[in-house]
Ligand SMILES: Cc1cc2nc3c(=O)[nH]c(=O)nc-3n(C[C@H](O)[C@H](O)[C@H](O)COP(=O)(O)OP(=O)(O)OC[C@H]3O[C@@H](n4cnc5c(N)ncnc54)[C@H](O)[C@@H]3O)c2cc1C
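Just the one chain here, the form predicted on its own, laid out as structure tokens.
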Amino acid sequence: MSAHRSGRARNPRTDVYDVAVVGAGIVGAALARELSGHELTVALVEARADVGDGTSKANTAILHTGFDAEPGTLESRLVARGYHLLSAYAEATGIPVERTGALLVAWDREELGVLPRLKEKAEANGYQHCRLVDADEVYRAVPALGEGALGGLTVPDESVICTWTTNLALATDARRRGTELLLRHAVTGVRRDDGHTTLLTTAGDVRARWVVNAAGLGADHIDRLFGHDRFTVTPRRGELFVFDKLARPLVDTIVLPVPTSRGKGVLIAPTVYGNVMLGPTAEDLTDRTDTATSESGHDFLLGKGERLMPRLLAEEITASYAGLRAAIDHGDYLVEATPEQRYLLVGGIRSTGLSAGLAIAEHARGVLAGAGLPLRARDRLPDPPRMPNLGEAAERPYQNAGLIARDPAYGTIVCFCERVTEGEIRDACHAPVPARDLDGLRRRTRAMNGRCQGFFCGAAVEALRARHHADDGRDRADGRDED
């Protein structure tokens, strides 16, 4: 096992981390990045074979201003703060973001009556830019909307972002700062030893002086291993349709539903990859692994789409998918420390964790300091990583003549639907947090994510992955990253 990149070698005799963060989704990766900016040894412990392979990979990918959060809650404060932190971090790292703005559309009198209250809520949350508009302005903004809209509320600073690149950037940044990434380490038990906690995992014991629980859908299970019974996670399945890029001219802004007594509803949004998304559904389940799409979900979305934007349904659907959100029986984020156990719960984050992740990490750092974790900022930190661009709004490698002249692999297209090159696949296989399978390559490059869904390019992508996996000197036997 290698020394940390921070220059502080772990003690091979005791092998105890200062902090173990459980869960390598966006929130867990942000926490590991934040803590490894201090004189600490940090482990990021993940049950799956890749970072961002759970709740964080399948969501609506909207960078929220926090305009509609419940005022006065921890969530409202951290989403608003996180919006600014993530916007700046995306600029520094190259995470694709498109400033599309959003429009809430009222379709009946009840929804129309809610709009002024939503504007007041936004202002109570410190967001002053919402504007009430009439039906004529709604249709000027989105001419393809179905008939019957009565009015709207603009939210000009809502944006779309690449959730895959966000998670990967945070995990890569944490690695560069010295975090050790332990993949395929599902936590099955907890044992308190003299001065530290031993996490019993499927790949061996992990010992740490402090444990941070950012396990998402499994956060309540981990919390109970520490003897608590504070909340229960209910997996809430959200199904979505992704429409072909030819549909993008129909939707240049996020079209949001107006939340009412009947629920939050379905949105239509552009994506940074050039597609259009319709969804999500909201179905509470008991199985925390059930990400299958359903006939009822498809029928529901088709019905909603027919009302919201009939012209959209004339376009081709590239893919449908489902993600699980960690709904809890609690009205706010749960960020609570148990100092005597040297344990911090970061639970109930829900879908806003994408926007709030960096602010959650910042807040959690303060809670840990108050609970007794010694924190001393490191004198020097590596620059943030510069991430490959997956977005359509900026230049992609296949369009960069200078890059191709220096390395022809960036001019050799492998996935023609998404214009992904051999150079990008090679780079993803040899990155600090490398792709280990085809799904990992999809999230890092967009390969196999287009019209053919890998039917044409899948074999070539797999051959490249296998070749570069064989050439890679990293030891992946237990998911530990080696320098």
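Here the structure is a predicted model, which means the values were calculated and not measured. Note that residue numbering follows the sequence shown and begins at 1.
In what follows, reference is made to the form predicted in complex with the ligand, a form of this protein that is not presented.
Under a 4.5 Å heavy atom criterion, is residue 179 part of the interface with the ligand in the predicted bound form?
Flag for residue 179 set to no.
Give a yes or no for residue 214: in the predicted bound form, does one of its heavy atoms lie within 4.5 Å of a heavy atom belonging to the ligand?
Residue 214: yes, in contact with the ligand in the predicted bound form.
Considering non-hydrogen atoms and a 4.5 Å limit, does the ligand approach residue 54 in the predicted bound form?
Contact check for residue 54: yes, within 4.5 Å of the ligand in the predicted bound form.
I'd like to know whether residue 222 contacts the ligand in the predicted bound form, with contact meaning heavy atoms within 4.5 angstroms.
Yes, contact at 4.5 Å.
Which listed residue (285, 186, 381, 132) meets the criterion of a heavy atom within 4.5 Å of the ligand in the predicted bound form?
Here the answer is residue option 186.
Judged by heavy atoms and a 4.5 Å cut-off, are 26, 46 and 355 together in contact with the ligand in the predicted bound form?
Yes, all three are in contact.
When the ligand is placed as it is in the predicted bound form, which of 415-423, 444-452, 56-64, 33-41 ends up with heavy atoms within 4.5 Å of it?
Comparing against the ligand in the predicted bound form, the contact stretch is 56-64.
Sequence order please: the residues of 325-339 with a heavy atom within 4.5 Å of the ligand in the predicted bound form.
Only 325 sits within 4.5 Å of the partner.
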